[in-house]
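Alright, two takes on the same chain below, each alone as structure tokens: structure 1 and structure 2.
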Structure 1
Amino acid sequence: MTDWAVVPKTELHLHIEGAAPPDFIRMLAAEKNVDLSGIFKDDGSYVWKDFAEFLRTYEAACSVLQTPDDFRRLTEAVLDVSAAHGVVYTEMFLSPDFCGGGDLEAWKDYLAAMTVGAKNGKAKHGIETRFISTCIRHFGPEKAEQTAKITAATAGGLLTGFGMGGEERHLQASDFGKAFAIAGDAGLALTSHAGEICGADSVRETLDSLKVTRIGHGVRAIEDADLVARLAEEQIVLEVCPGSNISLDVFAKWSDHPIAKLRDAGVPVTVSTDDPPYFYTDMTREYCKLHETFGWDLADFQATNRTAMNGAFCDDTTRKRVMAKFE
């Protein structure tokens, strides 16, 4: 029987704050004398019942991440978990809104601290990290443009991408066109959440107005055959997070998840965890479930990992070096 934990993996869609182990957030809350008891269940896990409450709990947990060194420690804690599940290359979403509130000089300090965390993770585990700075959709277009500007000003090194998360039902993708143009002009690679909470139209609008090469989730594209054909034709990489989708009830059960259908239609699909402790998952569990549900075996995962590296926001030397680990 395959030990899925040790299979080498690429993960493209992981929110650094959403990956914070509950124990880590409780430890910071104790250090800072903040009462966060309301966001934890008796068993210690995060409280939420739907997407809106998930976002509220997430932001409350972020309130104890207050200094660059908190984020360095968080980066290292997250990489420890990723490495334990066989991840050899990871892209983490960072949120300048939680790292200095949009101030460029403060953001530089946070980014430097997370870069130290990533370098320490590499020295300890050999894991390669790249960062994708994200704006938060429900904070609105002005904040998004400010985030894009400070991201553009600090592009380079491990910071290679720009993206958008948050409440997908808020405004239209085109309202964020200026932010994505600022980031794209600075040479950053682009991705955005779409087709997770909202339907296929949200994916189409995102492709048309934000010029992304990847979509975070995108799984509800399955509702529209023409769109599926377009994703395959344009080779738009989907950062699919099946366990997250099941947990948030986007699909009722694993066998309803469209990842296999999308792949069979020629869409480049990849596998990630999104916010693992919130969704009671990890990369090992994602691989186990895909194996159990769709019969995916080592060759299938080798292919999704190659797809992920082809869509990864890194230089070609790194891409080739990591790719060799899947042979």
Structure 2
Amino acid sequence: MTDWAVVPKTELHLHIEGAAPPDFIRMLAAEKNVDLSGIFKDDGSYVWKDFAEFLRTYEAACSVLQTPDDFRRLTEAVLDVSAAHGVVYTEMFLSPDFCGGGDLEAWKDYLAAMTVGAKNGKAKHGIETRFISTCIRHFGPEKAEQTAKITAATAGGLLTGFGMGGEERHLQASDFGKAFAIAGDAGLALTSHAGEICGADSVRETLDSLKVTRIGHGVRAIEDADLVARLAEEQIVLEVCPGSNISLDVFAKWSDHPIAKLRDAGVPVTVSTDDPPYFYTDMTREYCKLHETFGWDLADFQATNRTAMNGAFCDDTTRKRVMAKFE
């Protein structure tokens, strides 16, 4: 029987704050004398029952992340967990709005600290990290353009991508075209959340308006056969997070999840965990469930990881070096 924990993996969709291990957040809270006892279960995991409570728990946990060095330590803690589950290449979503409050000079300090954390993680585990700066959809287009300018001013090094998260039901993707154009002109690769909470039209509009090469989630594209065909034809990479989708009731159970149907239709699908400790998952569990539910074997996962690396926001030298680990 395959030990899925040791299989080399690529992860493209991971929110740095959402990946914060509960033990790490409790440690920071103790250091800062902040009482966060209400957000943890007896077993130490995060507690939430619905989306509103998830957001409250998430916000409370993030409240102890206050300085660049907190984020340096967070980066290292997240990479420790990723490496323990076989991840050899990861991309993390960061936000200048949360790291420095949208101020360029403050963001530079946070980015520098997280870069040190990533380099320490590489020295310790051999894991490669790249960063994707994100604007927050429900903060509006003007704020997104400011975030794009800050990102463009600091592009390079490990910061290789720009994306958008936040409330998918807020505004239209086309409202953020200028922000994405600013980031694209700076040489940043582009992705955006779509087709998670909203349906296939959200994916289509994102493709038409934002010139992305990847879609975060994108799973509700399955509701439109023409869109599925387009994703396959244009080879738009989907950053699929099955465990997250099921925890948030996008789909009721694993057997309902469309990842296998999308892949069989020729859509480039990848596997990620989104906000893993909140959704009680990790990359090993994702692989185990995909194996149990759809019969995916080592060859399937190697192919999925090659797909992920082909879509990764990194240089070709790094891409080839990581790809060799899947042979």
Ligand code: ADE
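Rigid core here is just the name for the largest C-alpha set that superposes within 1.5 Å across the two forms. When a residue number appears, read it as a position in the sequence of structure 1, where counting begins at 1. Computed from a predicted structure; not experimentally measured.
Each structure shows the same chain on its own, and structure 1 is the form predicted together with the named molecule. In the core-superposed comparison between structure 1 and structure 2, F301 has its Cα shifted by less than 2 Å. V271 shows a C-alpha shift below 2 Å between structure 1 and structure 2 [criterion: core-superposed Cα displacement of 2 Å].
Superposing the two forms on their core, we find that the Cα atom of D35 is displaced by 3.7 Å between structure 1 and structure 2.
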